[in-house]
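The data below hold one chain only, encoded as structure tokens and taken in the form predicted alone.
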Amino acid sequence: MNKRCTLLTRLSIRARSTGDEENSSSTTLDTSRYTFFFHEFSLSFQNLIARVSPGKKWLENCRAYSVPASSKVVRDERFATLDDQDIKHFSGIVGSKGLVVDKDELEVANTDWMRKFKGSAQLLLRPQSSNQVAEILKYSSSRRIAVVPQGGNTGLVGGSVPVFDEVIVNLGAMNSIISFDEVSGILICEAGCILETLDKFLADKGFMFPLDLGAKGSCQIGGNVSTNAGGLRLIRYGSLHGNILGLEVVLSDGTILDMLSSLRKDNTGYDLKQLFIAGAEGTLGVVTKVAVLTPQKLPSVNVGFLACTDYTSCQKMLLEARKHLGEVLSAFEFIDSFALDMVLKHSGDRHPLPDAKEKFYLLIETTGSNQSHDKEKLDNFVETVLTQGLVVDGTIAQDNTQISNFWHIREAWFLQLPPLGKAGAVYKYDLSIPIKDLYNLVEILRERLATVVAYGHLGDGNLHLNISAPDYDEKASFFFQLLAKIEPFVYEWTAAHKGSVSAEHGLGFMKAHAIHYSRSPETVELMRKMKAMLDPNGILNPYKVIA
């Protein structure tokens, strides 16, 4: 098959109606849930996209503005205020190198990656062992000093930064790989290991980490586990729920909970580690060690970039991909034309299909052990869907360079779009929605708002929405009015369609109030009881997950 897919046929499929007529009037916003940071700039949104060079540290020229939250979000009176004696005690645990009071370093650690949430912690601790974490939490619990566990601080919902003056406990110094069994593929490491570092270590052994995501160069495995990060290849390797075999977790009273099993089968009592893998986000305990099952790194990788006329065709493409590609299908990503054009303008990447003017694009990857067999399967699949009219244009990467280029475009959806938002306001939503309904939400929102960027993991029904302001009034009321057109509508619509308000980013501080859209009152109440049992003084990552 030629580098460029031969266009066999093209169906004209009328875009289907969303089937949902929603009231587009503004909804009431409870601003008590949020603290927003917006930035002054002199370029229009369109000029910003065109002029900003990739990698340029233009954020240094921006000034952060804070819009104070209302009095409804107040510091919990149960928590003590840090004093000199506390700092002295913590210094005795982690030493002078593990204790940070420098204002510049604290400024970075207090601010989330989106520069949307910012705390006022006066102390950051860098423990080097589980025992040090245990001593920190034991003392903090006795004094009722609130703490925030922090990894790479790449989260998008304000879960890894303080809300007020909580002490930051950063796990970055706990970055040792403890062991790797090449027969079973089981890796045991500390929570501060960076995801990309682990993947490179495993690659040298002929294995790979089962999780891959845009922030892999900064995010840490402890944070990945605590939010059950999904990533790009969940369709092939599943979630961390299935790949994590064991954990070591430190509870709020300093108890070290050893669940660091490396067994594939172990039905001895309750599987307690699952409590700390998804949804807990450091509110029940601090993950310090991880045992993970890793797959072998297979030599045959093929990637196709395909254009579809409408969303119905994208859905049928997923069905056909599962049918024809089967066991070698490892990724199925989608982006619409609006988002792709924005990314290409900002990143400088070339369009893989420069003549295509379609509304949707798919990145499909196969991974297997036999290059000729796998390539033939992908070629036959593409020829089949072209014949069926599901695809109107496409290309298959011919070498590793093209594969990297295609994936760079996909990862730029994460890496490039957020900085655009950092020039002003961006509202990011990470939603699980039944695949048949997923794009309806995008179309409805575009009737309410001008700039809605949509992309995601179509293979597992995960939609990422980025909503940016087209111009900037620099008046807080403008931003609140904009947000009022988004929330709670996005959450209500998602709940009405049996979706989840948090697919893989977690709830953090941003969406703690929205837990009721995806969990029943009885379920939330049980969560509260579990939190009270495991963290009776409430010191672990307060104000997060359960509002």
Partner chain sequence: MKVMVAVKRVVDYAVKVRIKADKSGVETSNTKMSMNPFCEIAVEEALRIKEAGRASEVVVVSMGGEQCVETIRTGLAMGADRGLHVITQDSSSLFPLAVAKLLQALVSSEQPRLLLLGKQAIDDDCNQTGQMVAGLLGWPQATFASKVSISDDKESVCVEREVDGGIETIQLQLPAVVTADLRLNTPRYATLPNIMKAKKKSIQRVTPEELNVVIGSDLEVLEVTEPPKRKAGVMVASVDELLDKLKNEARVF
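None of these values were measured; they are calculated from a predicted model. Residue numbers count along the first chain shown, from 1.
A second form of this protein, the form predicted together with the partner chain, is not displayed here; the remarks below concern that form.
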| item | value |
| --- | --- |
| All of 118, 156 and 218 within 4.5 Å of the partner chain in the predicted complex, heavy atom check | no |
| Contact flag, residue 393 vs the partner chain in the predicted complex, heavy atom cut 4.5 Å | yes |
| is_contact(residue 88, the partner chain) in the predicted complex, heavy atom dist at most 4.5 Å | no |
| Residue 352, heavy atom within 4.5 angstroms of the partner chain in the predicted complex | yes |
| Residue contact check: residue 403 to the partner chain in the predicted complex, 4.5 Å heavy atom | yes |
| Interface stretch in the predicted complex with the partner chain - options 102-110, 180-188, 241-249, 383-391, non-hydrogen atom within 4.5 Å | 383-391 |
| Heavy atom within 4.5 Å of the partner chain in the predicted complex - the one residue of 302, 150, 140, 330 that qualifies | 302 |
| In the predicted complex, the one of 274, 371, 296, 176 near the partner chain [non-hydrogen atom within 4.5 angstroms] | 371 |
